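Just the one chain here, the form predicted alone, laid out as structure tokens.
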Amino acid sequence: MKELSRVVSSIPPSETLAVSDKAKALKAAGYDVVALAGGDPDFDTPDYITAAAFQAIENGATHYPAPMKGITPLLEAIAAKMQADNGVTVKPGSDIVVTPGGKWALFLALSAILNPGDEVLYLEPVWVSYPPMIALAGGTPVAVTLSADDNFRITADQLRAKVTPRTKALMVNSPNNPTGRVITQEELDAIVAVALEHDLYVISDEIYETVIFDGRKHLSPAAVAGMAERTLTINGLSKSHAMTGWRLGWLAGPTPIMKLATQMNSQTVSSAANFTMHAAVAALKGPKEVTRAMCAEYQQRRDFMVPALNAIPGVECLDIEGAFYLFPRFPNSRRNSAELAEALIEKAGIASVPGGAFGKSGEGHVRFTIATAMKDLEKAVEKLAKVAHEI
């Protein structure tokens, strides 16, 4: 048989999804496992959103949507949301593509701007799918390593040190998965300065925008003067409205780039689901109290988990500012992150994601999610406290 794709063969499977699947299989087999590996909110999709989907189906929204890149009410709702919440102006008819999930929006963004050999900077620790997506889109992933000892702070000097004549773009994720960091104004200024100095595109992944703690403000790069024409913004409803299974995201950016993204979308996935788009309109126009209540619950869980983990000898956990992940480390352990995760599931029945899956700077860490019930978090802390000395 002839050789299969070298590019796809070089891409590892998603470790976060693999660990989640393993935890579900163990639970199904009767093992006492606390699943802290996934990123699926434990909340149900709000009733008014589900009702809108059923109503859309009853009204005949089971055919291809028109336009295929997003029904007009949804494009308008996204544009209004970005103006009101982010200070970003986009034209509904030309600057937005609705996608089947935020992942596809990220891949569209990369595909629309990259040529073979173009380099893309990403901040490490990094969500596991960024480097493979860059490679699949024909680019070369380049890590900008951030340190836990400096709370994963971003500086202009760190970025400049990785820029070469081939650098095309920088990927930014705030609130961040896996570190829980939220970009400060100083860090955004650094990103903007380097992007303007070196004529870089910025791909801004804002999927955790509503999960932000302690009164902090979410900052969108596209809202900064001189950045709208070079910034592609990715967002969606998976985390904000507990709609992971609905597969609904969007990409917004400059018209010339969005024209290419629309072309690619039309030749690949065609569209997101029609009735899901109607549900998304309801979500974006609905009460914000729902997302605020979810965020308040996540903050309550964080306020329990961070001090509880730090109280366990041999465990260190930085506080988090947003998203719903913790990134604890085990400074006295001689195990690498994969071995740590394996020991946690074998000795404590806790499923986590190895920190190394998020890049070299994640070694020594594991990722826990707090997108699960408080009783499970309390159980996890109790289990970990009993075996931490062995790990």
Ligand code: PMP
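Owing to the predicted nature of the structure, the values given are computational and were not obtained by experimental measurement. In this text, residue numbers run from 1 along the sequence as written.
Only in words, not in the display: the form predicted together with this ligand, which the text now covers.
| said: The chain here is shown without this ligand. Which stretch in 169-177, 137-145, 83-91, 259-267 comes within 4.5 angstroms of it in the predicted bound form, by heavy atom distance? | reply: Going by heavy atoms within 4.5 Å, the stretch is 169-177.
Problem - Output flag, L106, Y208 and S238 jointly within 4.5 Å of this ligand in the predicted bound form, heavy atom basis - result: All of them do, each having a heavy atom within 4.5 Å of the partner.
**Study point:** Heavy atom within 4.5 Å of this ligand in the predicted bound form - residue from H278, R301, R247, R230
**Key:** Residue within 4.5 Å of the partner: R247.
Please tell me which of G253, P125, G102, P221 lies within 4.5 Å of this ligand in the predicted bound form, judged by heavy atoms.
Partner contact (heavy atom, 4.5 Å) among the options: G102.
Report whether the minimum heavy atom distance between F213 and this ligand in the predicted bound form is within 4.5 Å.
Output for F213 is no: heavy atoms all beyond 4.5 Å of this ligand.
- Query: With the cut-off set at 4.5 Å between non-hydrogen atoms, does F152 touch this ligand in the predicted bound form?
  - Reply: Taking the distances in the predicted bound form, the answer for F152 is no, it never comes within 4.5 Å of this ligand.
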